[in-house]
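Read the single chain below, which is given as structure tokens and is the form predicted on its own.
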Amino acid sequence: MKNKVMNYRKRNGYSQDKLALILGVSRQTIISIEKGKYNPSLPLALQMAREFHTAVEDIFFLEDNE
């Protein structure tokens, strides 16, 4: 699964540390999600969407061949 977490994070002026604090996860979790090495749980994805004032599918999406 691909994502635009880094784009949304930067657009909102959040550092990885600040976003991790807001979401109650580690900075390493944010890094792993941004690099596509870790897919967040549904509650975490929903929490991110709420924080970024957008829909989950605007942040996370499948590539055509996935």
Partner chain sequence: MNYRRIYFILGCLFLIFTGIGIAISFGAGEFRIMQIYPPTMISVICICNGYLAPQMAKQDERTTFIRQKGMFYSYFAIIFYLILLMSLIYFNILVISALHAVMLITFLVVSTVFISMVVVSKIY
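Positions refer to the first chain, counted from 1. Remember, it's a predicted structure, so these values are computed and weren't measured experimentally.
Form predicted in complex with the partner chain: not shown, discussed below.
At the 4.5 Å threshold, heavy atoms of L44 reach the partner chain in the predicted complex. Though the partner is left out of this view, V25 does reach within 4.5 Å of the partner chain in the predicted complex, counting heavy atoms only. Interface residues of 35 to 62, taken as those with a heavy atom within 4.5 Å of the partner chain in the predicted complex (partner not displayed): K37, Y38, P40, S41, L44, in sequence order.
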